[in-house]
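To begin, one chain is listed below as C-alpha cells, in the form predicted on its own.
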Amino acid sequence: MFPRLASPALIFTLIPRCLGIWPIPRSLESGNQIIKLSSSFDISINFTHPPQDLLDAVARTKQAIQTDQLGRLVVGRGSTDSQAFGSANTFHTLVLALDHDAPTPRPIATEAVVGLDTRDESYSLSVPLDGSAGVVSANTTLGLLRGLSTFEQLWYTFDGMIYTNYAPLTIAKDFPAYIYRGFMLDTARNFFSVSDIKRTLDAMYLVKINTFHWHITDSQSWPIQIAQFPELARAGAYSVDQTFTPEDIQDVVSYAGERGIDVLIEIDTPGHTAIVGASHPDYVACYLSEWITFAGEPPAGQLRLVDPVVANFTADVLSAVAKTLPSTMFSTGGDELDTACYSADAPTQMNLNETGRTLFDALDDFTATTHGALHALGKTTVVWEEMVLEYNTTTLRNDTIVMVWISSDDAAAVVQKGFRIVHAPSNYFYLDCGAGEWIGNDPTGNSWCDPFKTWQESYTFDPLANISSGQESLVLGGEQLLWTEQSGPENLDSIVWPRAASSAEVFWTGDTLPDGFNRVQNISEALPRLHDVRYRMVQRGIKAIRLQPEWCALRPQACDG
C-alpha cells in the first residue's frame, strides 16, 4: 500500500510495515535490512562544551537501548531476523552534530522553556546500512534530544543481539506540526508522588510530549507548600506526607527540563478554591455550603473575587510560585465559576451594590490584578475557555493562551476573538471519561463525559476543524488530560498510556503521514506502531495497558475486521 523503490537486494519504503517509531516522523525513508549494534556502540558529540544535560541524555539513550530488551512484534518475536545476523553489518557510532550555523549550545532544559514562538525541536537522522556512523543533526540541543528519542525506538533484541531491521534509514527533517503537545495531570483530587510524576515524564519524553500541565491545586486539597504562605498546605493538604515541597517542585521541573519538557503549573482561580477556606475562611464564598447547590462537585467554595484584599492575596500567591519556575507560561484556570454561589453570598452582593459593578466587572478587576502580577514576572497567562466565551473577560491580554475543554466545537469561537488556543476538548481528550459515576448514592450513574475516549477517537482529532486558513497560526497544539476523581498512583499508567500517545502523533506529525496518506484514514497503520511503543514503555517500567490480545499485536492488521 506504500510507495516504494525496489531492487533485488534492498527495498525502500516510506513507512515500513510495523516500523515502531511514535510519533512517526514527518519525513522518512527506510530500508528493510538488518544491522547489528556493536557491543562497543557509542554516541559521540562533535562540538565543544556540550551541556551536562545533553551528556546525561546520551547516557540514558545508551542505557535504554541496552535494557529495553524488546523483541520485535512479529510471530516468533524476531526469530526469523536472526538468520541474517551472521552477514549483517555492525553499527558502531552515532554522532550528534549541531548545524554549522547553530548558536552556541544551550542546555536542553533552557531550550525546553523558551517562548513557544522560538522553540526549535527539529532534527535530522541517518542510519546507514554499511556500518558507517549515523548522525543526528539539529539546530539546538533540544532537537538533538528529539532525535535521540526517535533513535531509541529503532532497536530490538533477540537472543542477546540488539539490531534494527530498518536500515538504511533517513529522516531528512523532522519537526512538530504544532509546538504545544501536552499532558495534564490533576494532583489535587488525589495525590501523586514525585516518583509517579517522573515516571510519567519518562513516557512523555519517549513520544515527544513537550508540556506537563500540572493542575496542582483544587477545591479538594492544596498540596503545594509555599514558603510565604505555609498555612495553605498546612490546612489544605490531605496530610503532611501528601505535599509538594519547594524542593519537590524544582526536582520535577529539573527532571522534566532534562527530558525536553516544559512544566506549566496551574493554580485554578477564582473557582475550584474551596480548600483556601481551610486557612482563610473569610476569603471564600459559600465555604462548606451545600455543594449540590453551589458547586459542580464537592466541596463548595470559591474565592470572594470582589474583595480587593482577596485579589491581592491571590496575586501574591500566584507570584510566589511563578517566580520560582523557568516556564514562560502560568495558568490561572478560570473555569466553572458558580454564579449561584456569588448571588447567595452576602459580602459579595454588598460589595457589588456599593461599587456599582456586575459580577463579571469584578472578575475583570480580579483578573487584572492577578494576571498583572504574572505579567510583571514575564509570564504568559493561560486560562480555560469560559474566561473568553462565557465571562467575556476584558482584561485578558491578547497573548493569553486559551484552553478549549468543554467541546471541540468551541475552538472556532475562541480563535475568532483573536486568542491562541490549546485543544483540550472533553469529547476527545479526557482520559477519565467512561469510568462510571463517582458521586455516591447513584448506582446507575455514568460519568458526565461518557463514553470512554479510545485512542482511535483521539487519533482522528482534527486540530483545524472549522478554523479558517487565516487563523491556523492561533492553534498552538493540544493535550490529553486526566482528572483524578477515580485515579491514583495505582492506575495512573494504565489509564494514561498508551492512549495519551495518540495525541502526541496528532500534534507532532500533523494530518499527513510521511507516505502521503491522511492520518485519520490510516488507523490500521498506526496501531502496530502504537503497540510497539506501548510494549517499549512496559520494558521501561511504565504499566501501559494492552490494546489488544498479544495474538493481534504479533499479527498486524489481522484483527482489523
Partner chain sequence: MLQSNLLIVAAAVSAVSALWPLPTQLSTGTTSLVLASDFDIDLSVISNPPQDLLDAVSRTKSYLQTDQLEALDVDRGASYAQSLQNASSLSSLSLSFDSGHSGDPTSISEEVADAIENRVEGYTLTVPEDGSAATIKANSTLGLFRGLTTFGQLWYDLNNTTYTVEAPIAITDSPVYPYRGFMLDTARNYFPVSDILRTLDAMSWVKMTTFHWHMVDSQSFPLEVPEFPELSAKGAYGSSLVYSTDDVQNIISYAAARGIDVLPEIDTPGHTAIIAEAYPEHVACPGATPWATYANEPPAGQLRFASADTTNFTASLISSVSSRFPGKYFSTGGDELNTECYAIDEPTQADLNATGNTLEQALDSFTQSVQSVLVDDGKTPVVWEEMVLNFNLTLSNETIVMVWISSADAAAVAEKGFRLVQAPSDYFYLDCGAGGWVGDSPSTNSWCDPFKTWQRAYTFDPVANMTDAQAKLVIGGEHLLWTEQSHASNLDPIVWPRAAASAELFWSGPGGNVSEALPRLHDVAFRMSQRGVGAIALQPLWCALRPGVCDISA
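From a predicted model like this one, the values you see are computed outputs, not experimental measurements. Residue numbers count along the first chain shown, from 1.
Just so you know, the form predicted together with the partner chain exists too; it's not on screen, but the next bit is about it.
Visitor: Please identify the residue among 312, 486, 355, 407 with any heavy atom within 4.5 Å of the partner chain in the model of the complex.
Guide: It is 486.
Visitor: Please tell me which of 225, 150, 139, 190 lies within 4.5 Å of the partner chain in the model of the complex, judged by heavy atoms.
Guide: Among 225, 150, 139, 190, a heavy atom within 4.5 Å of the partner chain in the model of the complex occurs only for 190.
Visitor: Spot the stretch among 235-243, 315-323, 462-470, 362-370 with residues whose non-hydrogen atoms come within 4.5 Å of the partner chain in the model of the complex.
Guide: It is 235-243 that comes within 4.5 Å of the partner.
Visitor: Judged by heavy atoms and a 4.5 Å cut-off, are 445, 450 and 524 together in contact with the partner chain in the model of the complex?
Guide: Affirmative, all three are within 4.5 Å.
Visitor: Residue 114 near the partner chain in the model of the complex, any heavy atom under 4.5 Å?
Guide: No, no contact at 4.5 Å.
Visitor: Is it the case that residue 104, even though its partner is missing from this view, gets within 4.5 Å of the partner chain in the model of the complex, heavy atoms only?
Guide: Taking the distances in the model of the complex, the answer for residue 104 is no, it never comes within 4.5 Å of the partner chain.
Visitor: Taking the partner chain as it sits in the model of the complex, is residue 288 in contact with it (heavy atom to heavy atom, 4.5 Å or less)?
Guide: It does: once the partner chain is placed as it appears in the model of the complex, residue 288 has a heavy atom within 4.5 Å of it.
Visitor: With the partner left out here, check for me: in the model of the complex, does some heavy atom of residue 437 sit within 4.5 Å of the partner chain?
Guide: Close contact exists here: in the model of the complex, residue 437 approaches the partner chain to within 4.5 Å, heavy atoms only.
Visitor: Quick one: name the residues from 531-561 with any non-hydrogen atom within 4.5 angstroms of the partner chain in the model of the complex.
Guide: Those in contact are 534, 543, 544, 545, 546, 547, 548, 549, 550, 551, 552, 555, 558, 559, 560, 561.
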